[in-house]
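Below you'll find only one chain, the form predicted alone, shown as structure tokens.
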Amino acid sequence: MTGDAYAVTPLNRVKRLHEKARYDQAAVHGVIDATPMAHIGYAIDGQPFATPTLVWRQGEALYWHGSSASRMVRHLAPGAPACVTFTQLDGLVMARSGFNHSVLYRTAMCFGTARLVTDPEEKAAQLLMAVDRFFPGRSAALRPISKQETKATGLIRLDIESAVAKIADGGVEDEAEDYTHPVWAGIIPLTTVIGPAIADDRLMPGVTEPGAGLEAYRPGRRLDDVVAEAAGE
């Protein structure tokens, strides 16, 4: 990375629609911080895998966890190249031809070497962050993590070595001769919106409000906005 941008290399260079590429740190981090779910790409004996899981960022490090016995954790534990991909789908672009139909999106691809976190203090802190990153302060209200749970959980860290964001936020782009074709064209916006909380039917007496890190998760708010705000706390 040079300054506040990731160096453009054959690994992260966008060739198709290169004008949508963003290599600056702010753009890449912006997509990551608004997107809790990512896909972890890696290969085992030539077989590619893409595992969906929650991922959170701490500076230039990405973290995620899984069962210590899982294929992903066991493969990445000693150190292995991985690609972490984040995607936000923001809209459907309806054109006057099938060829020009498209979508509005924000994506980020991060490359680096993933490996198991073995430092006890780092692991303990990040297992708390797995909750607090998305629900600030909630871990303090929860039953503490047990030793067995910590042992059964593998924590993976990837230091971002290369990255790129690709953002499509334009409108309909039809061929000049197609603008006289009599079919509706435009954009259908898409958002993930938070709905009303549904209480567990075995709550302790007197526990009536979500609270404990969930204050921002109000019905009607956009999930990407709430998650991005939590990243700044």
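Quick caveat: nothing in here was measured; it's all calculated off a predicted structure. The first residue of the shown sequence is 1; numbering continues from there.
We do not show the form predicted in complex with another copy of the chain, though everything after this point is about it.
Is L214 close enough to touch another copy of the chain in the predicted bound form, meaning at least one heavy atom pair within 4.5 Å? L214: yes, in contact with another copy of the chain in the predicted bound form.
Does any heavy atom of L155 come within 4.5 Å of a heavy atom of another copy of the chain in the predicted bound form? Contact with another copy of the chain, no.
Is it the case that T107, even though its partner is missing from this view, gets within 4.5 Å of another copy of the chain in the predicted bound form, heavy atoms only? Taking the distances in the predicted bound form, the answer for T107 is yes, it comes within 4.5 Å of another copy of the chain.
With a cut-off of 4.5 Å between heavy atoms, is A26 one of the residues that contacts another copy of the chain in the predicted bound form? The answer is no: A26 has no heavy atom within 4.5 Å of another copy of the chain.
In the predicted bound form, do V103, E175 and T180 all put a heavy atom within 4.5 Å of another copy of the chain? Yes: each residue has a heavy atom within 4.5 Å of the partner.
Can you name the residues of 110-138 that have a non-hydrogen atom within 4.5 angstroms of another copy of the chain in the predicted bound form? The stretch touches the partner through F111, V131, F135, R138.
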